[in-house]
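For reference, the chain that follows is the form predicted on its own, supplied as structure tokens.
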């Protein structure tokens, strides 16, 4: 049975084909690209932004947008370090309690962003952008602009302990991808995300509490931002007010390039994963073959435009605002 070359099939498979094509291209130019060490480097660099991309995917699927991730990650990172040190400075000494505590902090921050959006009826773009600034400002206030360092070999094992050549945090990230996929496809909440993204009025008429679903979505995104903060601290060994810098661009770009439609209801977790890998393969591959950074930014911009064009049904969109 032949698969018809329809617009839907092109949109569905284009990101995966782009990723495969990039891998083949960079490997053909420099075989070292496929070395185990370089693949581990790509996976490690992808881990924090992938957690952010998973979180924001739930928001975008609902038809909203979340730009608070940089502030959320920065605030969660510094709070995690401070709690970690306060609880003994070692996972074996009780500092492991900082992990569930910071996940709750991330959920609360996301829920608060959702409240600003839903209760105050402020567009999610502005509500989340403002909360991102709040998060960054709070991180500066808490740290006084200083860097908070963690020196615990057990915690840093997330980075240093390797299984099959890949750091432990990469394997944990893979498990969290499966968890996100399960939430998306096998829970009522995940199905409600798509219901709201497909049409808020229709979802409301079907008995979905749209406001509650949006709040849950922002809180869930906050949990993934907190995980990204933990991974950032494990990678860097420290946290500061700019720990989340550049994650917004990488995450949103990855989600769009991966095939998640910005107007909601289309795409999902696996699209976000592919998108993150595309962005990081481009960045790593251009370094491996010796091309300058500005070409990387230009190529990512072109990919975003192509992804949006492919995923836009011009029969339904007569004017782009």
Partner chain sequence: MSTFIKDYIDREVITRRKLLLAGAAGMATLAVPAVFGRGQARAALTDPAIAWSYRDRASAYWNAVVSGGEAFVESIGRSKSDMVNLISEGSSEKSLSDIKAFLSKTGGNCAIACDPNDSPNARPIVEAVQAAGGYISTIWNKTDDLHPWDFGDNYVSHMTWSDEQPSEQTARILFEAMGGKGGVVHLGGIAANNPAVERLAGLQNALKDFPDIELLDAQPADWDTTKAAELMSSFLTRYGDRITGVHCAADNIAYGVIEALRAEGITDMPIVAYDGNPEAVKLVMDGQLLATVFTNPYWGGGISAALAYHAAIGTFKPSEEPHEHREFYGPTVLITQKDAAEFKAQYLDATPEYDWTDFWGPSNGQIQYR
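We call the rigid core the largest set of C-alpha positions that still match within 1.5 Å between the two forms. Numbering follows the first chain given and starts at 1. Keep in mind the model is a prediction, meaning the values are calculated, not measured.
The form predicted in complex with its partner chain exists for this protein as well; it is not shown, and the discussion that follows is about that form.
In terms of contact with its partner chain in the model of the complex, the residue from 209, 206, 185, 160 that brings a heavy atom within 4.5 Å is 160.
With the partner omitted from this view, the residue of 103, 140, 215, 129 that lies near its partner chain in the model of the complex is 140 [heavy atom within 4.5 Å]. The partner is not drawn, yet in the model of the complex one stretch among 59 to 67, 44 to 52, 257 to 265, 270 to 278 has residues with heavy atoms inside 4.5 Å of its partner chain: 44 to 52.
Using a 4.5 Å cutoff between non-hydrogen atoms, residue 92 does not count as a contact of its partner chain in the model of the complex. Interface membership of residue 171, defined by any non-hydrogen atom within 4.5 Å of its partner chain in the model of the complex, is ruled out.
Contact annotation for residue 145: at least one heavy atom lies within 4.5 Å of its partner chain in the model of the complex. Contact check for residue 236: a non-hydrogen atom falls within 4.5 Å of its partner chain in the model of the complex. Of the residues in 288 to 303, those that come within 4.5 Å of its partner chain in the model of the complex through at least one heavy atom are, in sequence order, 288, 289, 290, 291, 293, 296.
The two forms, fitted on the rigid core, differ between the shown form and the other one by less than 2 Å at the CA of residue 19. In the core-superposed comparison between the shown form and the other one, the C-alpha atom of residue 295 has shifted by at least 2 angstroms.
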